[in-house]
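Only one chain is given next, in C-alpha cells, and it is the form predicted on its own.
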Amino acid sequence: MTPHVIEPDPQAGAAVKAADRAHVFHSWSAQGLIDPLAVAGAEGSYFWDYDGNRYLDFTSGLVYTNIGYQHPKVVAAIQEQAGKLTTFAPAFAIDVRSEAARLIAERTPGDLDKIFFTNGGAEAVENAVRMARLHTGRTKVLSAYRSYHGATSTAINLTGDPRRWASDNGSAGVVRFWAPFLYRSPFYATTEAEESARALQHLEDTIAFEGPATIAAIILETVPGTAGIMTPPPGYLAGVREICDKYGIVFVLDEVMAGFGRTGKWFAAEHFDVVPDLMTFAKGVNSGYVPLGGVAINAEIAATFDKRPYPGGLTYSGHPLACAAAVATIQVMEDEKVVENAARIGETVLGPGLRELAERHPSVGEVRGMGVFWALDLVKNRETREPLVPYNAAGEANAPMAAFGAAAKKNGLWPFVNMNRTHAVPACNVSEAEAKEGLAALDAALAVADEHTA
C-alpha cells in the first residue's frame, strides 16, 4: 500500500483537541489528567496526527483492527450497504445479517452454529452468562483473576484485573480462581505439565467447595489478552472441558480479542483442540469498522430456547452496516490469506525477533505469544522476576513504563502498554517489513527500560 501523504495542519489539530477536552468524556481516565492525541487519519498499519507524525500501530486500536485501517474493500461494502439498507430491526431476516452469521458459524469449532449478535464483546459476555444460567438453572459463574471480560455489569464483575474494583458490587454468584501462568505460577510449578495439573486440581477443588450443582458456567479467555497473553499450557483447556462435562457446567470461551486470526488460527481454540459450549467474539470480526460482537451457541443450548423465549435482546443486534463489514472482512481475510499471514509473521518474524531482543535487554523477563499476539514481561531483575513496576502502578511508581512508552512513540511506534508489560499486537495483515520496523523501535525503547533494572 502506498503511504498516505501527510500534510500537517496543527491549527486543525488544536481545534479537534479543544473540542475533545470540552465535551468528550473518556473511558478509564481521570478527565483532567489526560492529553489525548488528535488523530488526523489512518491507513493500513499506520496512523498520523495533525503535526505530521506517523506511527506504526502495534496496538491494532484496542487489538481489533485485524485487517488494518481503511481497507478499501470493507469501506466499499459499508458504503454499498448504506445505500441499500442502512438499518433494520433485529426481529426480521435480513440478507447481510444471515450471511454474516453463516460465515461466522462456518469458522467456529464444533457445533457452534447459532449466532446471537451484540454490539461488542462485553454484551456478548453478558448474554453468554445469561444463556448459561437459564440453560442450567444455576447461578454461579467462575472466572480467572488474570482476565478481562468487558465493562458492563456482569462482565466487569467477572473481570479479574483492577478495573473491576471500582464497580465490584458482586454480580450475583461470581467466583474467581487462578488460571495457569507458569512464569508467575501461583502453584509453585516448575514445568508446564505441573502448572497444568495443579491449576486443574485447584479449579476442581474450587468447584467442590462452591458446590458443583450451583455453578452455571466457567468462562475463560482462550488466550488471555489484556491480562498478559498467557498461552495456556498443553492439556489445560482440554482438562477444563472434561471438568465442565463431569459437573454439567457450561464452558464459555471468550475469544473477543484472540479470535479472527489474531493467534494464527480463525479462533484460538483450534490450537488446543477444544470446543466450548458458548464462544464470545467481537473486535476482529469486522476489524472494528462498525461495532459488532456476538455469542456462538452450540446445539444443546440453542435447543433450550426453541420453545422458551430467550429473555434478551438489543436494538442494534445484527446491524446491517456492521454485518456488511463482517462479511467483507471475512472475505478479505480469506482472499488475502490474513490468518495464514498472522501465523507466518509470528513464527518467522515476531517470535524470533522478540526473543532476540530478550537476549540483549535485561528488562525483558519473558517473551510469550503466538501469531500476532505477543507480550514482553518487563522486570527489574530477571533472577527474582520482580516486575518493572508494581501491580496496578500509577503516578511516579509507573515512571519506568511511562518512559518506555514515550521512547517507543519517539521512535514512531505506538505501543500497547499495560502494567509491567508491552504487547506486540499489530494488524494480522502486517507485512514483514512493518513487523521488523516495529521490532527496531521496540529495541530502542527497551534500552530506556533497561535503565531501571537492577
Ligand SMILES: Cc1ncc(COP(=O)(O)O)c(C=O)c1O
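Heads up: residue numbers just count along the shown sequence, starting at 1. What you see is a predicted model, and the numbers here were worked out from it, not measured in a lab.
Missing here is the form predicted together with the ligand; even so, the following discussion is about that form.
- In terms of contact with the ligand in the predicted bound form, the residue from F181, Y289, Y148, F251 that brings a heavy atom within 4.5 Å is Y148.
- Note on the partner interface in the predicted bound form: the residue among R97, H71, K265, K283 having a heavy atom within 4.5 angstroms of the ligand is K283.
- Stretch-level contact analysis of 87-95, 318-326, 113-121, 342-350 against the ligand in the predicted bound form, using heavy atoms and a 4.5 Å limit, identifies 113-121.
- The shortest heavy atom separation between T226 and the ligand in the predicted bound form is within 4.5 Å.
- The ligand is not shown here, and in the predicted bound form it never comes within 4.5 Å of any heavy atom of D377.
- Although the partner is absent here, M257 sits close enough that one of its heavy atoms falls within 4.5 Å of the ligand in the predicted bound form.
- Using a 4.5 angstroms limit between non-hydrogen atoms, E195 is distant from the ligand in the predicted bound form.
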